[in-house]
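The chain below stands alone and is given in structure tokens; this is the form predicted alone.
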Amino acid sequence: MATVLPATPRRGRWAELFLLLIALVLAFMAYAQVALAATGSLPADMTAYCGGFTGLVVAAHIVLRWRAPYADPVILPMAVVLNGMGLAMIYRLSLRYEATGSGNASIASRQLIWTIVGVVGAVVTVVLVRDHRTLRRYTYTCMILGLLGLVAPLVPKLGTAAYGARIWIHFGPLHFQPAELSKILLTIFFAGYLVANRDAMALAGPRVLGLQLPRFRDLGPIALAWLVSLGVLVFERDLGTSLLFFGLFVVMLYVATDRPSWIVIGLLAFAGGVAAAYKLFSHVQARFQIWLDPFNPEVLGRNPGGSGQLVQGLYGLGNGGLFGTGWGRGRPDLTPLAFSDFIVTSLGEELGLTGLLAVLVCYLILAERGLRTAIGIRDGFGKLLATGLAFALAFQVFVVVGGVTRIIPLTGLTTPFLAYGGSSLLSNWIIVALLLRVSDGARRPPPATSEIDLTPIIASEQERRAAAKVADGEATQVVRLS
């Protein structure tokens, strides 16, 4: 019997370790340059910072070798370098706030703690979720928890309002944005629901003006989640979260059904929703005025709700130019919320257009590896899950960068891994963990060796040759081989 053995794919763990070393060197150099420019000496905690961050990253790498040996080797290094750049910029801003007596001087230490929590959360996710397909069992549980997370800030004495939006909940001294985790839960729900109902949604239902529309009973759970996302816009005044969920719904529906009609329907619904929101809600009108005419003295001087933050960010980008002022040599602190909503302009000022493009390329690579995982995975649930998670990261970056550069109106979303915020950092590290888990399934060889028994083929060929010899008179007896 002959055996055909499939080629064993490379695990890529040594390549991942090499990329992680580069990412750590970049993060530590940025951290050191910030302190040298601001104080003239290295940070007092430089050794502890480098040792602790290295130990944390190496521990995550070891867990991947143990639990997900075939995971994509590029995803973790990209997340580490982005998180490291964010820590360096937040540390730079905290030094400036400390020098000016601002109350935000402790943001660097708090962000470092949340980084530890985020990486530990990612490691726990990789260890507990042994197979991404098990998440499909909790499709409707994830829907319920995700929707509860979206509406939780509306609960009296639990939710709090900040900067014009009611998107936070508090537990004692801790403040958390539950919508960040809701985007993961609802992505799991969409993936599980659509993989079970995509045929009905793609083929059943009426055709109107050449567009294939689904039946209402098939669209019910999706419509419920969409209505809740609109409620987020109406009651919580969170334009960014509403836009993120709406885009996530449309993209996952299109990928699941392969129907371009969903793109058309989504764009029409989005245009109608924007027009209605502009007519009905004053805060949406204010966002559009800031976007269209930020240098108008009336809009610029409005308090609250003026365009001063956007204008300061644009001046910071202009001050950075092509190559930037250098780490620690700009004035990004002049922009309000430079450590969270406008950290992109802070990086653009000190790293310049070149450095900012390099950061965006890291995001591009991270999203590309996520979509590549979606293409390579064998099951439909994994394809939709990886697609949704990669799109959520990429779309969030587009919305944030588009807002601070006046491509689209400001929305209030945070930049993944860079911006200050514990809930955002934790949720994005969990997204990385889920992408690593799905990529492990995509790159892992089949569980059982594929063996093909060639004996019947060989015997058939021998019988054919023996029969030919008989026909030519070269043999008088055929010995049938078995």
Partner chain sequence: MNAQIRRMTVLVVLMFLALLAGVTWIQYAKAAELKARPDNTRSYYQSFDHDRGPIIVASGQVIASSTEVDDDYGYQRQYANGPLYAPVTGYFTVLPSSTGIEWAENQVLEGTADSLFWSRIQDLVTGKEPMGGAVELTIDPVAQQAAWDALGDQKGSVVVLDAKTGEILVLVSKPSYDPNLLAAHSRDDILSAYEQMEQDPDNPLYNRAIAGNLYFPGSTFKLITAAAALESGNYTADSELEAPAELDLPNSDHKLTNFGDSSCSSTGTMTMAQALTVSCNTAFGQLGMDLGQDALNAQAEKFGFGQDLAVPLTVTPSQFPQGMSIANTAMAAIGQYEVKVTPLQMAMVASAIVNDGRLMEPHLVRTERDANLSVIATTSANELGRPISAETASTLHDMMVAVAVNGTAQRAAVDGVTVGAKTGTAQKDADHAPDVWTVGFAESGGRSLAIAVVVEDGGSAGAGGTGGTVAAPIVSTVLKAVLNR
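Residue numbers count along the first chain shown, from 1. Being a predicted model, the structure only gives us computed values, none of them experimental.
One more form of this protein exists, namely the form predicted together with its partner chain; it is left out here, but the text below deals with it.
Exactly one of the stretches 179-187, 321-329, 123-131, 267-275 approaches its partner chain in the predicted complex with heavy atoms within 4.5 Å, and it is 321-329. Contact check for L95, V117 and I144: none of the three has a heavy atom within 4.5 Å of its partner chain in the predicted complex. Contact with its partner chain in the predicted complex, defined as a heavy atom within 4.5 Å, holds for exactly one of T335, Q111, S242, N83, namely T335. Comment: its partner chain is not present in this chain, but in the predicted complex one of A196, L224, L360, L154 has a heavy atom within 4.5 Å of it, namely L360. Proximity of I375 to its partner chain in the predicted complex: non-hydrogen atoms within 4.5 Å are present. Taking the partner from elsewhere, G402 is found to have a heavy atom lying within 4.5 Å of its partner chain in the predicted complex. Although the partner is absent here, A105 sits far enough away that none of its heavy atoms falls within 4.5 Å of its partner chain in the predicted complex. When contacts are judged by a 4.5 Å heavy atom cut-off, F246 does not count as touching its partner chain in the predicted complex. Taking its partner chain as it sits in the predicted complex, the stretch 63-81 never comes within 4.5 angstroms of it through any non-hydrogen atom.
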